[in-house]
Ligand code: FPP
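In the block that follows, a single chain appears as structure tokens, in the form predicted on its own.
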Amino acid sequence: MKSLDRIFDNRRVMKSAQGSPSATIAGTPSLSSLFDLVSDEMSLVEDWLKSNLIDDNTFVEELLKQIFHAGGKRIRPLIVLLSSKATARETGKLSRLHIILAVLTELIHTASLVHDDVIDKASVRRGQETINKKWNDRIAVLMGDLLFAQASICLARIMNPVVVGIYGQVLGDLCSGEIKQMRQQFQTKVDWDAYIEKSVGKTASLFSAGSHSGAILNGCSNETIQNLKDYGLNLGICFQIVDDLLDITGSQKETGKAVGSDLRNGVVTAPAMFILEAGDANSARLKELIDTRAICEDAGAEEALAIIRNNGGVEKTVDLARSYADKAIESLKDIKDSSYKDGLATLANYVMTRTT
């Protein structure tokens, strides 16, 4: 592997963001404008992901290129960089440890996606064939393990026991969240606490780790660290709820995966839960489609999707996601004003309006 220090030293990451007007991120949420706030740092993250993960085995190297050259929004490292800059002692100035933190956060996320595709038997991710579809489940599992191992190496380099503990908990939460989801397959009893708890494990735990670990490295107060932890937790829950919504309302062209794939796999999420708890004829029919596994077939899945879309499941889910986005923004109120703080708030609004 190439040295991250060499990449770091050859790029300017201490560029001051003074004078970056908040107006650049006002109005309609723009992800590109947020990346502009951390462009130098994000380019280091991309360098690492696209050129630093080189293996002596040419086959493994090709798989790594397939994974990271497929793109991805890089929202998790964006959260790390924005929150780190928002709480830096000298506004906007980061160390190499913050870059490593952003890299390992994306590595953990990507590794979990590779494993998720195996669990879900997914054939498409980000518009291209998944590793398990193109090759087989065993190779996909090992590739996910390799990425987790690389994340562990990065984590060791940070040499902060608190941060190590936080990310260790994330790894446990990811596994626990997936297990809970598997145990809840085809369940029609509505349990909102279990749904949110699963969303924390699958998504929000990593968001929260990224949002407040940079503040820990910056030596911030416990209050500031807790506020950013709450921000990431609420933003992550919002993100997962919107992700569940897109499984109902999105298109394969936009989301990169088949519409209704979660539903077909028996994963009952917020849009369906709102219908199920209504206790009317639509609720009874949706319950029947799930109980009989009819949703696993095209006709049953299409009928279930229509019931959810036409009877308030979408609108109520939007309201639920908005409540968590608002909580995330509220968590920022005591963070010092800066374009980076504004960026974190804008990111919450972007998550609410995203289509991919």
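Numbering starts at 1 and runs along the sequence shown. What you see is a predicted model; the values in this text were computed from it and never measured.
What comes next is about the form predicted together with this ligand, which is not displayed.
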Report task. Answer for residue 240 alone: is it within 4.5 Å of this ligand in the predicted complex, judged on heavy atom distances? Result -> yes
**Report entry** Contact flag, residue 229 vs this ligand in the predicted complex, heavy atom cut 4.5 Å
**Finding:** no
Query - Distance check, residue 113 to this ligand in the predicted complex, heavy atom within 4.5 Å - result: yes
Query raised in the report: Is there a heavy atom of residue 85 lying 4.5 Å or less from a heavy atom of this ligand in the predicted complex?
Result: no
Requested in this report: Could you tell me which of 189 to 197, 173 to 181, 211 to 219, 154 to 162 sits within 4.5 Å of this ligand in the predicted complex, going by non-hydrogen atoms?
Outcome: 173 to 181
Report summary line: Answer key, this ligand contact in the predicted complex at 4.5 Å (heavy atoms) among 203, 224, 234, 130: the residue is 203
Report summary line: Assert contact residue (this ligand, in the predicted complex, non-hydrogen atom within 4.5 Å, options 146, 97, 139, 119) equals 119
